[in-house]
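Consider the single chain below, provided in structure tokens and representing the form predicted on its own.
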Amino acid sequence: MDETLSTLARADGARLKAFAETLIPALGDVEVVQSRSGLVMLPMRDTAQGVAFHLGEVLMSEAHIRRSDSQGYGMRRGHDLEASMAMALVDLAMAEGVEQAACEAFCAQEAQALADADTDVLRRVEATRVNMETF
């Protein structure tokens, strides 16, 4: 499974916007199909009961763009339409093969940064673990 969109959805917003700016001259004119924000239901699964439930609503921003027959899509948490549009630009550039090497390098760099951040969080959580015995 391609993790590119997952990586871009969690990538640092400022770095993503700065990188997407560099793609605009190479992409040329694009059609904005949709750019909006709204609430979406967050589905979760109760692991004890094995049933699905809705945890609540999450504010999301979404961008959908098109150039010729290719499309780019971006969806990120929060009300940052610029970051969603930046994500869609990177997705479109990769679909069209525009600045492919630069896009792949950016995604790899962001994936590594996210993995490092996740590892740091897990280490901090592990430090608070309490082993308890039940009788």
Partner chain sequence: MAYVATRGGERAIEQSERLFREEMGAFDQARVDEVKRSLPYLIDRVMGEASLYDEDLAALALAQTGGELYEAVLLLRAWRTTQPRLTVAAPVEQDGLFTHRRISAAFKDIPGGQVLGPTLDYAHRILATEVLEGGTYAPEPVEPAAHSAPAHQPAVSAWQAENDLIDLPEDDETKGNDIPDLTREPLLFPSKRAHTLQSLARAETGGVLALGYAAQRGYGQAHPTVNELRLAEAEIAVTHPDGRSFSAGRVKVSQAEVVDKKGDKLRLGYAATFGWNEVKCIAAATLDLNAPGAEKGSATEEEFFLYHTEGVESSGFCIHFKLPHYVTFQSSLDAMRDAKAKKAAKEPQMEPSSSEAVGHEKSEPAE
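Numbering follows the first chain given and starts at 1. Everything quoted here is computed from the prediction, not taken from an experiment.
A second form of this protein, the form predicted in complex with the partner chain, is not displayed here; the remarks below concern that form.
S.K.: Does any part of V125 reach within 4.5 Å of the partner chain in the model of the complex? Heavy atoms only, please.
M.R.: It does: once the partner chain is placed as it appears in the model of the complex, V125 has a heavy atom within 4.5 Å of it.
S.K.: Just checking whether R67 would be counted as a contact of the partner chain in the model of the complex - the rule being heavy atoms within 4.5 angstroms.
M.R.: Close contact is absent here: in the model of the complex, R67 is far from the partner chain, nothing within 4.5 Å, heavy atoms only.
S.K.: Is there any non-hydrogen atom of G78 lying within 4.5 Å of the partner chain in the model of the complex?
M.R.: G78: contacts the partner chain in the model of the complex.
S.K.: When the contact criterion is heavy atoms within 4.5 Å, does A9 count as touching the partner chain in the model of the complex?
M.R.: Close contact exists here: in the model of the complex, A9 approaches the partner chain to within 4.5 Å, heavy atoms only.
S.K.: Only one of A26, V32, A105, V40 gets a heavy atom within 4.5 Å of the partner chain in the model of the complex. Which one?
M.R.: The option sitting close enough to the partner is V40.
S.K.: Just give me the residues of 38 to 67, first to last, that have a heavy atom within 4.5 Å of the partner chain in the model of the complex.
M.R.: If the 4.5 Å heavy-atom criterion is applied to the partner chain in the model of the complex, 38 to 67 yields G38, L39, V40, M41, L42, P43, M44, R45, D46, T47, A48, Q49, G50, V51, A52, F53, H54, L55, G56, E57, V58, L59, M60, E62, H64.
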